[in-house]
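Coming up is one lone chain in structure tokens, specifically the form predicted on its own.
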Amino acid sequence: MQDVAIVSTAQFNTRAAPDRNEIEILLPVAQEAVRRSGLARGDIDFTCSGSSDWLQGQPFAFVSALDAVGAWPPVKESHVEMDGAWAMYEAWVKIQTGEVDSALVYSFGKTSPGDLAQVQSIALDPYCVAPLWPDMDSINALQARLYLQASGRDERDLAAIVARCRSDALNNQHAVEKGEHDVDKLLTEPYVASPLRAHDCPTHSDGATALVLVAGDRARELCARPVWIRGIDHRVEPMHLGLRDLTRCVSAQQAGLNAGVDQRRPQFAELSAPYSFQELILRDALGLGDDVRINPSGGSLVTHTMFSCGQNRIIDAVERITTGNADLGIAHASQGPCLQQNLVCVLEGD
């Protein structure tokens, strides 16, 4: 198995960027990741992106993103209609084949211009669910209610997660929603869809992320403290909500086992939990004890850039390791309704 490290990262998130399109958001982020890698753009062997045409409302929207990263000199390029974390997985596999030894991975999303609730409904089961036009907050509220009843936890537990995430986000310059919050005050706010209040739901944002992967000794030459991908895996469950136990996340559990989470003692975990209660489901699925710090960046609850959110979790984990705040951590990405698809990777500083 080829050793692969992340040698540079860059990201940008904002609540809304009305004066810039996706390419204009992505351009400086991709350029910064390449600059920090120490490689010339032409020396990077492979390019892989994560985004979605249905979010942008135009076909082959990812092709236009090549204007931001540069298609010349000719490069090997691929795209996944998924979060950028899955684009990183494809790039990691490409390096394992021996075809390339470096890759630029980027993702982007802009949700502010349209009706996000309507757009997300289109992606649901087209026969039984989508015709009802349910919004994601309501669907996840069903999962939240089932989980609270099954686990014995309550809304105070959820408010405590929100307060912690927003407080931790104060130290993250890329976080969108941040600040000190009182649990009792949070519990007085009105419901969006019981048992979820607005603060229990993701803070949607516009943004982009990028990172550079390099194999073997070259990574050590380029970076003072490369962050190695020690294990990575992803799993998916049925899209039909009635076919799975929404109080558990079997796909995250299996991906974590295959990535080797149970064989390590991580110091922290960056979990893609867009809704407050989902952090608890993921902790249980990955077997993370109280000694593991969860989402020190604030997490997806306070910054949710669609199709970059999972890659954000990876980048925030990498930055925590490169700055010397930790040596070993877990990064997790999710996509689909109620944690349908999950990716887990174990990251370690050299």
Partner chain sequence: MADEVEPVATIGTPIRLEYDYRPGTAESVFLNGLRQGKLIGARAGHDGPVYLPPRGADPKSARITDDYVEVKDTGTVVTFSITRVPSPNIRIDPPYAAISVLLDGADISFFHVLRGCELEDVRIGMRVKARWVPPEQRGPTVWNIEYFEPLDEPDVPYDEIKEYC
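These numbers come from a predicted model, not from an experiment. Positions refer to the first chain, counted from 1.
If you look for the form predicted together with its partner chain, you will not find it shown, but the lines that follow are about it.
Chemist: Can you say which of 271-279, 221-229, 255-263, 110-118 gets within 4.5 Å of its partner chain in the predicted complex, counting heavy atoms only?
Modeler: Going through the listed ranges, the match is 110-118.
Chemist: Looking in the predicted complex, any heavy atom of T323 within 4.5 Å of its partner chain?
Modeler: No.
Chemist: Is L27 one of the residues lying within 4.5 Å of its partner chain in the predicted complex, judged by heavy atom distances?
Modeler: Taking the distances in the predicted complex, the answer for L27 is yes, it comes within 4.5 Å of its partner chain.
Chemist: So, in the predicted complex, is M306 in contact with its partner chain at a 4.5 angstroms heavy atom limit?
Modeler: No - in the predicted complex, heavy atoms of M306 and its partner chain never come within 4.5 Å of each other.
Chemist: I'd like to know if L328 sits close to its partner chain in the predicted complex, meaning any non-hydrogen atom pair within 4.5 angstroms.
Modeler: Output for L328 is no: heavy atoms all beyond 4.5 Å of its partner chain.
Chemist: May I ask you to choose, among A198, V93, A71, A150, the residue with a heavy atom within 4.5 Å of its partner chain in the predicted complex?
Modeler: Partner contact (heavy atom, 4.5 Å) among the options: A71.
Chemist: Give, in sequence order, every residue of 241-279 that has a heavy atom within 4.5 Å of its partner chain in the predicted complex, or say none if there are no such residues.
Modeler: If the 4.5 Å heavy-atom criterion is applied to its partner chain in the predicted complex, 241-279 yields nothing.
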